[in-house]
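What follows is a single chain, given as structure tokens, in the form predicted alone.
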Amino acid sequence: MKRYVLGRIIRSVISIMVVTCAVIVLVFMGVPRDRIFRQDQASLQKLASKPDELTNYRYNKWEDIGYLDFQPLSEMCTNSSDDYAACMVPGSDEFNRVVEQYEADGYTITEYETSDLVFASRDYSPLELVWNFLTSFIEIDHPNVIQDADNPDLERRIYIGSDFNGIPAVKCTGCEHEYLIYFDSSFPFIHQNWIQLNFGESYPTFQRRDTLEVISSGQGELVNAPTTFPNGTTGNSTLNLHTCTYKPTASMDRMDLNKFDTNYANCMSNYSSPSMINLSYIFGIAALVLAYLIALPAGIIMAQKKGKWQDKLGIIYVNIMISVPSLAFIFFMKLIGNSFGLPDKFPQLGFQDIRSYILPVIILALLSTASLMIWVRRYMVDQSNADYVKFARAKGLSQSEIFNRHILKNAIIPIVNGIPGQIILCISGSVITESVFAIPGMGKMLPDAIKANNNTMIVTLTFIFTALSIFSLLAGDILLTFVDPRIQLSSKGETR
């Protein structure tokens, strides 16, 4: 089984990377790059009267996102000329030599609109797009990451120490992060900054923020709480000291020096409300539990009372839930909820009020019950015609004993197989429900990113959703072996 699981993991990782790389090529090569500026009109309007600065802004953004390599004349001369002053003079021999060299290397030389200066640009090929992503995808923090000329005596080591709460932690000096591994009361309780996935910065929405930071950082109001700073001083602060990264010595100000005894002073803040991922997970898990609490007993009763009024009533419910469009059902339930005083928009009462969660959770749960009920009924009806059931009846076992001790045990196996996937995929949220109730979760992140042409966010979410889907299948297969020991996962990848 170990060999099987290892093989599945390797194949899963390859599949995830293939899907992600395919999306990268489609997004960067198939969509006109000017569309990324549709939601950044304010910046473009500010530079409208300065065409050269506008050109630089556009090409710098394209380079940051990963479309191309952009080099203004100053960079061209720095990289390719020993006579910088002569190279910076348009028309000079050195200038012409550098331009010809860049053209020979496949760059396009473009002259600015209001000056004689030029710049070089070269679009990345599909293979280069994929290679650039793969080579920068995984970042490992280590003691030689920080290079600060103003701090030449920076100590460089990884060691086991204590955090500001006195809890053991793996710490580092010379790394980007001060805490490589730490513990706190937030799920999953053990956190690490040692290995990071780099998808790039979000643009045009959530500018200057890493895409993973956007979906994993808290939301709502800042939390101001009593804090003991590294230099021993205390006071109220919103800083999350576990997230502190190195701040260059030249950037350290008086406020930093009053709180920190090292350069690890660039910290994120604590927020009152969960992140997008956590919020979608809260809704998803609550709805999943409620759906199973409703669907499993209902499906069992339908199977036990096959052909009777209980079964017919259940089939009517299933047919209604399947035939009614999800959006219509959501608005119908929303209307009913409003009559009981429940909010029709999540932000009305906010994260802290339990009433904000009731209606969306009920809707998400009910939308899942129909398929669960019909599958439970189908599996149990199929099992009731098996030979072992006939043998149990011949032995004189009652109908309830046969259903509870034999049929249910076997019929529940395929249902169990899907549980890990449903739990894991709760993180992806529900697009329609979160949109209708204006819930700031993961559900509408991908449609919003596509609409805004936020390429890095599209790639990030594609990777996350693909990874969750693929590994949930593996988790389901592994869970089957615990539920039914007769099922074995062979080294050849077969389920027996």
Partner chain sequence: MEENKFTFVKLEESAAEHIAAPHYSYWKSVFRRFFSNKVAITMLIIALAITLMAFIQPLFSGYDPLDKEFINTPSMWYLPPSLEYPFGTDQKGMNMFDAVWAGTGMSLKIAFIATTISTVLGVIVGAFWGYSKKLDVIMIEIYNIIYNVPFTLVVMILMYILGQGQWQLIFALSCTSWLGTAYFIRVQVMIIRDREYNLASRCLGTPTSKVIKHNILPYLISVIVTSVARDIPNFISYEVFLSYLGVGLTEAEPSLGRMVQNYVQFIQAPNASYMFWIPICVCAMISISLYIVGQTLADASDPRTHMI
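Keep in mind the model is a prediction, meaning the values are calculated, not measured. Positions refer to the first chain, counted from 1.
The form predicted together with the partner chain is left out here; the points below concern that form.
- Contact annotation: the partner chain lies within 4.5 Å of heavy atoms from the stretch 338 to 346 in the model of the complex, the single such stretch among 75 to 83, 338 to 346, 260 to 268, 162 to 170.
- Put simply, of I285, V416, V324, I358 only one has a heavy atom within 4.5 Å of the partner chain in the model of the complex, and it is V324.
- When you look in the model of the complex, the only residue of I140, A328, I354, A149 with a non-hydrogen atom within 4.5 Å of the partner chain is A328.
- The partner chain is not drawn, but in the model of the complex it has no heavy atom within 4.5 Å of Y59.
- Contact annotation for I478: none of its heavy atoms lies within 4.5 Å of the partner chain in the model of the complex.
- In the model of the complex, the partner chain stays beyond 4.5 Å of every heavy atom belonging to P51.
- Contact check for N224: no non-hydrogen atom falls within 4.5 Å of the partner chain in the model of the complex.
- In the model of the complex, the partner chain lies within 4.5 angstroms of at least one heavy atom of each of the following residues of 454 to 470: N454, N455, I458, T462, F465, T466, S469, I470, in sequence order.
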